[in-house]
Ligand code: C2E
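The chain below stands alone and is given as structure tokens, in the form predicted on its own.
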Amino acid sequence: MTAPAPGQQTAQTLAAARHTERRVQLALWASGESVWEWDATSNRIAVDRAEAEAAGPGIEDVLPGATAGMPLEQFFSHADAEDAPSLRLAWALHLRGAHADIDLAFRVTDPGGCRRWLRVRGRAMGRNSQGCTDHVLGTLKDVTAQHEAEDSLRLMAHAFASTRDALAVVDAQWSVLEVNESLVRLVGEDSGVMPGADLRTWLPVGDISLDQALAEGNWCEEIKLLAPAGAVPVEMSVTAVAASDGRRHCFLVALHDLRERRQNEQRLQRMAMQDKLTELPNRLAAQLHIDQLLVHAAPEFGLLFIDLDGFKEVNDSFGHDSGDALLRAVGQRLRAALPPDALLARWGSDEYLVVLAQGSGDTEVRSAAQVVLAALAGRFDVGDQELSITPTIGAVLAPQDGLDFSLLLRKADAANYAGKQAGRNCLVFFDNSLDNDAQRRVRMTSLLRIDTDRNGFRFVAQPKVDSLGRPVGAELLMRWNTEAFGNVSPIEFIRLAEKVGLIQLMGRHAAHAAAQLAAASAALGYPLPVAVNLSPKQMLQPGLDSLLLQACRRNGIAPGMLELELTESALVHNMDVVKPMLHRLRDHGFSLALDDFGTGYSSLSYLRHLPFDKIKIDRSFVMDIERDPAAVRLLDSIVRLCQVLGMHTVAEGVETPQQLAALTAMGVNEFQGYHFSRPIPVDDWLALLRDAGGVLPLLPLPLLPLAALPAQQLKLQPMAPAAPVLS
């Protein structure tokens, strides 16, 4: 082969060099790197313009003037304050030959304020006679995207490793590619769950194809994880992870442990079905239990509705803490006494429900009722108090009394109410007559609420006279007339008002009407006091004295113009509350009278310790004095006892002249009864006073019946509706 001529050889060499240079330029362009150069003589560093252009405007945008060259110190000044010392040290060590090359990433801030990462690489190309580098050549590249990708990858790897959920990456055949520590702990350290294992060993998913399962998106379902320690409920979600070309090549399986959630759900369910105070099943639990018995057409079963008698007085007298303690103790006694297959639930307030087992009938209900009555017969130690409580029980039988939960409860409540009316502390079975009574009670309660709100009552006055028949006052009595039920007995509607919580507002109406009547009679020249009855419930009203004083101020009368009558029943269970209230009322100037004296118990103690001004002798004593010498002696003793204590006596129910004569001889001070007058409308009472001409009329009127009195009347105005209701 003939050798090339020297000129031809030189041309070939230059062509090869240019070709090599071009390849280098292309390689640098492909890698996004630019070439930089530094020489010791000028101590400047410059990025090759051609290479910078090939690499795009990125480097020039980050380091303005880099392609034109800049002093080395200026180049260093672009580095972040935290990175500049490392960059200077690496440069110095390389120049001294301590490091063979430079390879360092550092941060800079471009003119737009964005932080960027640059990677600088370089190597000394020559050294002077002293061994110091005088020429360095290298590459410079913006590696911000790479750093961000690495940071993102690190975060993802950290999240994968540290998340509480168990994670695994699998291929389409469920073969494990990667797992995190949470999955290893969930399945078990020695379970063998590791790369290469088949995840279906622990997940019962059969031969489900992941590609098919994920054809419509993510796959999520609850499943049992088969761990060596036992099955674990988990929520499994599977997500396809796409490769860079968009093809699915692996799947992320996430397993969320549901055990804590299941425990919380069970706890919440228990809370929803359990009474917080007594820890017995609550109303919802009882309803679900009864509904289940009814839906499954269970044989006959009995239901007992228990209401504690007088529980409100316990709360009022000893406080709600004592009341709550009593309710817990009652629940514990009943649970211990009743059969294990009976459901005992707290229905609400002081009410309990007992659902007997399937097949229980009349005999089993009566037996359970006896158990309840016996269990609650003993005293309860509540704090430093000994309390007693009795139950009233209403009972129904299913399916005879109904196949609906609400119907059974309504009938049981009707039977319970009948037991309250019958004297309490007893068992009453439902019968159809009680259903009519219950409906009547519901209708009457609704009407009573309406009339109480609008003061739809009328008031009558029963005169009180001295032994000569001269009026010395009047007692105000409330009457209620309805279109549906006619005239309702005060015994019935007052008792109903106390049960449903209306008595305090009704008492307020009565107090204002009494003050208004006293003011009206005083305006006619007859300052006669008016008596008004106080319910036992009213005596527990914290603002009672303020209410009565307000009634007096509004009508311009002194408190002494109102006489407050209180029955012994208000004193039996609430002396700690009633006694201070009576003394406050007495200090305000109100006159106090003990009504129906002798029909209760501990009466002598009341006379001794309570500030009563008058004693009203019950009509049951008066009606027997004409035929029973023992009644005469007893009544005479009562009158003399009151005289010794400085108290006036008032005899109720005087109907004959003989009774009046006997009572007068004993020294009774005042009298009421049909012998003098029946209760009359307050307008008739005022008309009687108006027409007396300044002289008190004598009762009974010898000829003129009250109905024939002049029609001119003074109407009592109802209370202003805006007046506050004191509770």
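Only a predicted model underlies this, so the values are computations on that prediction, with no experimental measurement involved. The term rigid core refers to the most C-alpha atoms you can superpose between the two forms while keeping them within 1.5 Å. Numbers for residues come from their place in the sequence shown, where the first is 1.
Just so it is clear, the following notes concern the form predicted in complex with the named molecule, a form of the same protein that is not shown.
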Per-stretch contact check against the named molecule in the model of the complex, the hit in 634-642, 341-349, 376-384, 474-482 (non-hydrogen atom, 4.5 angstroms): 474-482
Distance check, Gly456 to the named molecule in the model of the complex, heavy atom within 4.5 Å: no
Asn533 within 4.5 Å of the named molecule in the model of the complex, heavy atoms: yes
Distance check, Gly543 to the named molecule in the model of the complex, heavy atom within 4.5 Å: no
Gln516 within 4.5 Å of the named molecule in the model of the complex, heavy atoms: no
Ile494, Cys552, Ala414, Ile625 - the one with a heavy atom within 4.5 Å of the named molecule in the model of the complex: Ile494
Among the candidates Arg449, His588, Arg366, Arg619, the residue which, in the model of the complex, approaches the named molecule to within 4.5 Å (heavy atoms): Arg619
Neighbours of the named molecule in the model of the complex among 539-568 [non-hydrogen atom within 4.5 angstroms]: Glu565
Core-superposed C-alpha of Ala66 shifting 2 Å or more between the shown form and the other one: no
Large Cα move at Gly122 between the shown form and the other one, threshold 2 Å, rigid core: no
Core-superposed comparison between the shown form and the other one, Ser489 Cα displacement 2 Å or beyond: yes
